[in-house]
Structures are given as structure tokens and as C-alpha cells.
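First comes one chain, alone, set out as C-alpha cells in the form predicted alone.
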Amino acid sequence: MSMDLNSLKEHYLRCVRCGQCRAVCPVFAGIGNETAAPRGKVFLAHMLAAGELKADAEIAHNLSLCLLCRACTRECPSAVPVHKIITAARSLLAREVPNTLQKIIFKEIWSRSSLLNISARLLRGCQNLGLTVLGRSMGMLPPALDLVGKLPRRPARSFISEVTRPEGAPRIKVGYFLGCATNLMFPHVARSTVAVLSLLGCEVITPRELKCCGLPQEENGQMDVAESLARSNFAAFQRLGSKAIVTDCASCFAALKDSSAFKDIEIMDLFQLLNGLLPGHNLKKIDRAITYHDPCHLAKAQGITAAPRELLTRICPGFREMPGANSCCGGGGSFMLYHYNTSMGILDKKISAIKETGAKIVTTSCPSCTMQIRHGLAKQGLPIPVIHPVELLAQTLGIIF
């Protein structure tokens, strides 16, 4: 989790305003305003911490213009952790100029599984009645609502057991962190993850009391809530004796890896684990061309790029690398909701790269990226599915649901 802004002073003072971060920032590329540049946000954070600027809605807006994709952090020659500084500044702003709606969503609803499930059921009911389509057509609902897509009838939590036994000889016991988006919007991904791990000899532990990973709360300034969620989730895995955890969500993976609450449990990359378990298993190859989008929270935050490609080339001889595969798609969690038009401008570049490959399937391991890319493909009338790599692996292993 991020630190308090004052404790990051030595980091933001290292920023020499060289501007190298501007060359890799997708938001700055779209807006072109200095306040949208990473170095501009670091400067704003510095002024806030020094008391030379008063927290207000305008500063909060400027600091919200960040995907937290970490491209600037990786590029910075002075090793300034820009994403941490921006996150800490957002936390300060959440205290000084609180946004009531954000607080309700991320602190009161998203942090409580029961309320989040109720909210999802209400949205699904509105979708079934056609109310969301009506609201969109009348301009009463934001266009970003389309990104959610049609919610499935049942969340993953309703059919995944707390303990899933391995098929055949057991090889490893692993905890499975079932994230909110996967649970509520992509339950088929969770089903595939658990089934594949079980087939490959894993005992899979999925605690029933799991809550949000805390990343949405952290990114929206609710640091105390994020830390509370992390402690609760750690206790849930500890209760069931989990010594290692995997997740099929790149954002959840980054949140768990960065959290001090999980220092006593190994957070394993799902792709690296699967690559180690696959030798000796027969795979039915996928005969369609596929391409892969690197989620920022996996590639830039954790430096994991080779393992997913190793897996995909195992199962698909027609794997095609897209130009700029590790460039941000513009999703950024809630960014695509707050800044839809800017988000779509960034997305257009990603869709162009996908079209250039001629691929028939796009694959990625982030729910936010999946929603974003799926939305962009649909807007351009491209019938290309966006599928999680673990779903493709389940197909090649002959797993049928």
C-alpha cells in the first residue's frame, strides 16, 4: 500500500522536472496539458505537502487525471515512485476535500461484500428490465456504464467451494484470491482457474469471507479502508492455512504483492505456476490467431511479461505480438468512469494495434482491461472476443463446463 505524502518527501524532491515521464504518459499524450503530465502531478503533490497550495476540487481533478499505470515510475531516471506520490496525494485530498459519492462507493459499498453483491443484483435487474438502455438513450446515465456489459446471473462465489480437491496425486496447496470483478462480472474465468489448478494437481483454497483486494479504495484515496481490507483478507487465508496465493486478476495480484499485510504469505504469479505444472499434460492447440495485451498491474507494476507469453505460445502456435502490447489501454480501474472521453482516446490506439495483428482472439488477465478492450472492439464493430488466458488453457486441457 502507499505511504503518507509527507513520508515521501525525499522521493518527490528528487524530481528534476526533466520531462522524460511525459514521453510515456498516455494521459498527457491525449490531453497535452502540463497538469496532466506526471511531473506536473508530482509538483502539485509537493506544493500540497508543503502547504503552499490549499487542497480543493480543482487539484483533486488534476490528480485524478492519472491511470496509475506506473509507466512514469518505470521510466523515471531519478527513480521517483510517481504512482505512490499521486496515490498519497489523493489520500490527503480525500480527507481535506472529501467526495461524498466516492466515499459511499469505495468505503461504504465496495468494501462490504454483501452491499457490493446487492448493488450488482440491482444493476442486473435494471439491465434485464431495459432500464439501463433507456437511461443511456435519454442521456441520464453515463456512457461509461456500457463498459460493464451484461452481468451474469450468478457470481462465481455461488458455485466455487471453499476447498477444491486436486484431481489425481496432490502436488501443491494454493490459496485462490477471487477478486470482486472476476466474481461478479467474469465468473467463467474463476471457474476455469479453479478447474485448471485442480486438474494440474492443486488443492485450491478459496476463503468464503474474502473481500475486495483494496486497490480501488487505495486509488480513490481511501487508504485506511484499503489497509483494513488487506488485513481481513490475510486473516481469511491464514485461517485455512494457506502459505501461497494466486489470483487470475492482475490488479488484485499487484495489490496483494504490494501489501505489507501479506508479507508472511507467498503471492505467486498464476502464469509462472501454470507453466511449471503443465509439462506432461497433453494440450489440444488453439488454431486461431491470438494476441496478448499486457495489463499495467502485471507488466509495469511487477515486471511479469514472459510467463504469460510462454503459456500462450504453448497452447497457440498462431500467437501474434501486437505493437505496443504493454502500453496502457486507458481503463485504469475507475479512470474510465471518471474520464470516459480521455480513456477512449487512449483505447483507440490499442484497438488499432489489435487490428494490425489480424488476431481473432484478444487475451489479457485484467478485468478492467477486458471490459475496456471489449468495449473498444464493439464500438468499431469488430467481432473479436476478449478471453482470459486461463480460459484458453482450460479449453486446450479438455475441460468442459
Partner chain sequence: MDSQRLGNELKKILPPGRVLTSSLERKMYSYDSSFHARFRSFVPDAVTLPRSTAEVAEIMRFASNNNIPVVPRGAGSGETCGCLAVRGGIVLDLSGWDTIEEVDAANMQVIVRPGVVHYILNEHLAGFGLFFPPDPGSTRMCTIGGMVANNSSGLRAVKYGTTEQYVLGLEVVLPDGRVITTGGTNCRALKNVSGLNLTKLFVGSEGTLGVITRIRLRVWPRPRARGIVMAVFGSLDEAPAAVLDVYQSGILPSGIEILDSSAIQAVNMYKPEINLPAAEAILLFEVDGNPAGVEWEGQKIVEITGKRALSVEWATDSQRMADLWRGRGVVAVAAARLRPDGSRIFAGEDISVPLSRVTEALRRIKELGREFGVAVVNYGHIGDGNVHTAPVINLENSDEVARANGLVDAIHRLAIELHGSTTGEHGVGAVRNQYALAEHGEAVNVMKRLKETLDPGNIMNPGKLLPPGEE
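Residue numbers count along the first chain shown, from 1. Note that the structure is predicted; figures quoted are calculated from it, not measured.
In what follows, reference is made to the form predicted together with the partner chain, a form of this protein that is not presented.
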In the predicted bound form, segment of 44 to 52, 349 to 357, 364 to 372, 332 to 340 with a heavy atom within 4.5 Å of the partner chain: 44 to 52
Complete contact of 7, 64 and 70 with the partner chain in the predicted bound form (any heavy atom, 4.5 Å): no
Should residue 378 be classed as touching the partner chain in the predicted bound form when contacts are defined as heavy atoms within 4.5 Å? no
Against the partner chain in the predicted bound form, would residue 40 count as a contact residue? Criterion: heavy atoms within 4.5 Å. yes
According to a 4.5 angstroms non-hydrogen atom cut-off, is residue 19 in contact with the partner chain in the predicted bound form? yes
Although the partner isn't part of this model, could you tell me whether residue 344 comes within 4.5 Å of the partner chain in the predicted bound form, counting any heavy atom of the residue? no
Would you mind picking the one in 79, 169, 163, 306 that has a heavy atom within 4.5 Å of the partner chain in the predicted bound form? 79
Give me the residue from 203, 75, 96, 266 that has a heavy atom within 4.5 Å of the partner chain in the predicted bound form. 75
Contacts from 4 to 35 to the partner chain in the predicted bound form (any heavy atom within 4.5 Å), listed N to C, are 9, 10, 12, 13, 14, 15, 16, 17, 18, 19, 20, 22, 23, 24, 32, 33, 34, 35
